[in-house]
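Shown below, as structure tokens, is a lone chain in the form predicted alone; questions about how it binds or moves come after it.
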């Protein structure tokens, strides 16, 4: 009985943490796609960049993981602004820009992957951080690392803040208006190009935040970038492109799917088990569960 309880608690905690991080990254991807029609194929590399920068600051400069994560998330804003000004904005008016953006961001993904391989890949093939909050907390008989509890709390807090912002703040409402109908939003006085820029910055910040939290919770390697890119796109498709609520719900579903399968199968099968869940859901509703 105790063994079953331990397994159950392990599944619940792992599913919550993994699902919350999945949801956070997918929310960033769907914000960018919903506003700009930009399917960012480099989202996994942005996620990885966040984790690697935190690892660099902690191991190379001796920073605390929390301070390093805060600095990296803050640095994602000028990074996104430079990328938007130097590349992304030039395709806003291109016909079928979603296809153009997919090709462009695939190129970005390859560039970043090559940089990571030729730099970080030469130093080590596995990255891990010291505990941001040392120790464990007991949940019944289950020892739960305090760092993962902290990561879960931050991820859920960021998701809650994102919901509040999109629903209550003036800019958040303008962003949702562009999601729904950019032409009508423009007629109502919304600066659509300004919202495009803001959406790209916000989405990139959220993806970086997911990468830093993942690095704090788990050890990782460079292959996590491509895995997360697939996960984020799968969640966006199943949840409904442009739906942050869909990203959160499906992110948690995928997280729990992976956690449950990991109990009965090897890690490789568990990592891609969510693809089965995706196919099952799309067979029921091909347009996505929360189509905007």
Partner chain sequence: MTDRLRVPRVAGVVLLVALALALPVAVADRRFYAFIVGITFLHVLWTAGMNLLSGFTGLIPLMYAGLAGIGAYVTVNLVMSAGVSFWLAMPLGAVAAAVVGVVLGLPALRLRGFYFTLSSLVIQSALTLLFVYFPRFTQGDTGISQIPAPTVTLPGLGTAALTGVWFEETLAVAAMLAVLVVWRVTRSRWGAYLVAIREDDVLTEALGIDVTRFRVIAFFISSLLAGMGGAFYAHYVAFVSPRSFDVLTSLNIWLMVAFGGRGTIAGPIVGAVILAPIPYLLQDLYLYKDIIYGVLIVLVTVFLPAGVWGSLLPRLRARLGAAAPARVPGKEFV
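Whichever C-alpha set is largest while still superposing within 1.5 Å between the two forms counts as the rigid core. This one's a predicted model, so the numbers in the text were calculated from it and none came from an experiment. Positions refer to the first chain, counted from 1.
FYI, the form predicted together with the partner chain isn't displayed, but the following is about it.
- The closest heavy atom approach of residue 67 to the partner chain in the predicted bound form falls outside 4.5 Å.
- Interface residue remark: residue 254 is not counted as part of the site for the partner chain in the predicted bound form, having no heavy atom within 4.5 Å.
- The partner chain is not drawn, but in the predicted bound form it has no heavy atom within 4.5 Å of residue 82.
- Using a 4.5 angstroms threshold between heavy atoms, residue 163 stays clear of the partner chain in the predicted bound form.
- Only one segment in the set 86-94, 202-210, 154-162, 69-77 has residues whose heavy atoms sit within 4.5 Å of the partner chain in the predicted bound form; it is 86-94.
- Within 4.5 Å of the partner chain in the predicted bound form, a heavy atom is found for every one of 39, 100 and 275.
- Contacts between 212-249 and the partner chain, taken as any heavy atom within 4.5 Å in the predicted bound form, involve 226, 230, 233, 237, 241.
- Relative to the superposed rigid core, the position of the CA of residue 278 differs between the shown form and the other one by 2 Å or more.
- The Cα-Cα distance between residue 280 and residue 9 is lengthened by 3 Å or more in the predicted bound form relative to the form shown here.
- Compared with the form shown here, the Cα atoms of residue 99 and residue 278 sit 3 Å or more closer together in the predicted bound form.
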